[in-house]
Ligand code: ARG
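Shown here is one chain on its own, the form predicted alone, set out as structure tokens.
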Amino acid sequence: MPSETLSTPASDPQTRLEAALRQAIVAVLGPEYADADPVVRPSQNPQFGDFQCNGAMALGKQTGMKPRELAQRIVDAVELAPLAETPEVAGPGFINITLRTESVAELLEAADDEHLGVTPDPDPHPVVIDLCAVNVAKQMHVGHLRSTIIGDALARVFERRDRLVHRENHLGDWGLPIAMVLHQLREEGRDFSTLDLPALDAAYRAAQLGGRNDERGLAAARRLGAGPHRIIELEEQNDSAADTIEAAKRTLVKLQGGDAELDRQWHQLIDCTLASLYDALAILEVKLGPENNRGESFYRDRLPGVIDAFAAAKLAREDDGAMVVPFEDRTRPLLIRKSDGGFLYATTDLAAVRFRAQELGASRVIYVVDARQRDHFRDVFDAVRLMDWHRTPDGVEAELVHIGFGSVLGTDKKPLKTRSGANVTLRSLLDEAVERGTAEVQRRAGDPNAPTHGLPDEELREIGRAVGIGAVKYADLSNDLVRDYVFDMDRMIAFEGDTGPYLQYAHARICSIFSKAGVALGSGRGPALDAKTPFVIAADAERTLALTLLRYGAVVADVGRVLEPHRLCAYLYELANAYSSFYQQCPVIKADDEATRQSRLRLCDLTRRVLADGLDLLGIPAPRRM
């Protein structure tokens, strides 16, 4: 498979520097160090150059050489012309590198096209991302928010680099829980054609409650000599629960057998759940539709084959009638068939991974599911590897990844709940975000000097929706995914600080510059600027902005490699701050001469397009007026 280096952007100076320094390390230390990391990073202090190479520190320890002497030998061997000036060795072994000003301008020219420095991923295989995964007949809650927007952002990053992405909504649409809901609704005599999601959710909870026994409580009551009334009550509860479960099992058998009426009602449950889902997805602007639904029912005919394959390979054994997969490095086996012959989530997941690698041909299978499922996916992935089911048809070993995310907390640092203590539904959270975003936009539009002053209410509401949803998405994606984060709408909706609205406002401010300059914004490369006017990088703030813009392609590639959207968020925030400093220090419309004016307008336009593109990868709109 081609290396990542071969597909790096022509406008990415850091990757070019890394490649040249690796060659120098090999020239100094030999081919066994071909994979050594030169540790090239942007300089924290511009007075020491644009980039710093710190690799000599670690290599000095490995080879027994003094880091400063090794750094000097690397500098003597490296060839960076015409990209950079001659590097300088500083301190105990740092290598400081300054790009030639002409090179910075040339690199900007290379980035100033529709690709913005982003290049195709060399891996030709598809990517599968398991996201959302709603349960039929249950209200969507805040946990679905995280899975959905994280998965969508990663999918957008892969698609931006020309990968085919299969977004998989693994619906919980099969098995005993669904049969229990069907039985409950039929017992209630409900009209399935008029159901809504709250009614389905109530039926789901009623079915679960009706099928819940308390055998341990009954045993304790008998052991402790509780009164006959309490024992009779518990016996009746357990008998009723057993009857409910048996009735649901009969319903499931009929559904599995193709009963036409049950099949129609089952589809009505799914349609009702998905209607609510698509309504929320439309508000979130998430790319997920009917073509992405491959739920538990899709794999139901494949489950017996999973058990048979493990048994035939002697990788599973019976345990009290159940079938389990043991592992050498842990005492916990993976249960893949219950003692009553029923299948489990693990069985379905094994079938799903097999399908995604062997039939869809994915070289990366990514599950965006909360962190509490870590051990489950570890067991499933290890079982898949035992069967060698993680290979694509052309023999590539697929990477199996579980992206576990933390919980959403309230301002009290506890799991987010309503005032009544119930789980927060996804729709109520989105409605609040849109309401708060709209209120803030309308408040700011009241200022006669605001760009939005006098806009029609409908347009203000549309901007407010973009601000509210952008605030929620950015607050989620800008955090390290594995950590819990506090859902604080007051902080999220702010137009200052590291927030979604701040980035959206930065984009809108750039758009207003072109309005003031009398230059119309277009598509593609943007406004009708003089393409023959070269970039002029003279002021320090211009150079800082230019170097930040040149990192965009590498950042996008890095996010796809490590699957961490917060890295893109951090970059966009840094870019917005670099632009703010540039705008304060470098007059654009009133520049000293026309060449500088055109160059700075081009810098503004390139920044605008990178901000808009980066926000789009996060699924966040970029309004032109705020």
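Residue numbers here begin at 1 and follow the sequence given. Small disclaimer: the values here were computed from a predicted structure and weren't measured.
The form predicted together with this ligand exists for this protein as well; it is not shown, and the discussion that follows is about that form.
Trainee: Can you say which of 302-310, 268-276, 255-263, 125-133 gets within 4.5 Å of this ligand in the model of the complex, counting heavy atoms only?
Mentor: After filtering at 4.5 Å, what remains is 125-133.
Trainee: In the model of the complex, does each residue in the set His144, His170 and Phe377 place a non-hydrogen atom within 4.5 angstroms of this ligand?
Mentor: Verified in the model of the complex; spot residues all in contact, yes.
Trainee: Under a 4.5 angstroms heavy atom criterion, identify the one residue in Gln442, Ser103, Asn292, Gln373 near this ligand in the model of the complex.
Mentor: Spelling it out, the residue with a heavy atom inside the cut-off is Gln373.
Trainee: Report the residue, out of Tyr502, Phe327, Tyr345, Phe355, that has at least one non-hydrogen atom within 4.5 angstroms of this ligand in the model of the complex.
Mentor: By the 4.5 Å heavy-atom cutoff, the listed residue in contact is Tyr345.
Trainee: If you check in the model of the complex, is Asp152 within 4.5 Å of this ligand, heavy atoms only?
Mentor: Flag for Asp152 set to no.
Trainee: With the partner left out of view, is Asp476 within 4.5 angstroms of this ligand in the model of the complex by any non-hydrogen atom?
Mentor: Looking in the model of the complex, residue contacts with this ligand do not include Asp476, since no heavy atom lies within 4.5 Å.
Trainee: For Ile537, is any heavy atom within 4.5 Å of this ligand in the model of the complex, or not?
Mentor: Looking in the model of the complex, residue contacts with this ligand do not include Ile537, since no heavy atom lies within 4.5 Å.
Trainee: Answer yes if any heavy atom of Val369 is within 4.5 Å of a heavy atom of this ligand in the model of the complex; otherwise answer no.
Mentor: Within the cut-off, so yes.
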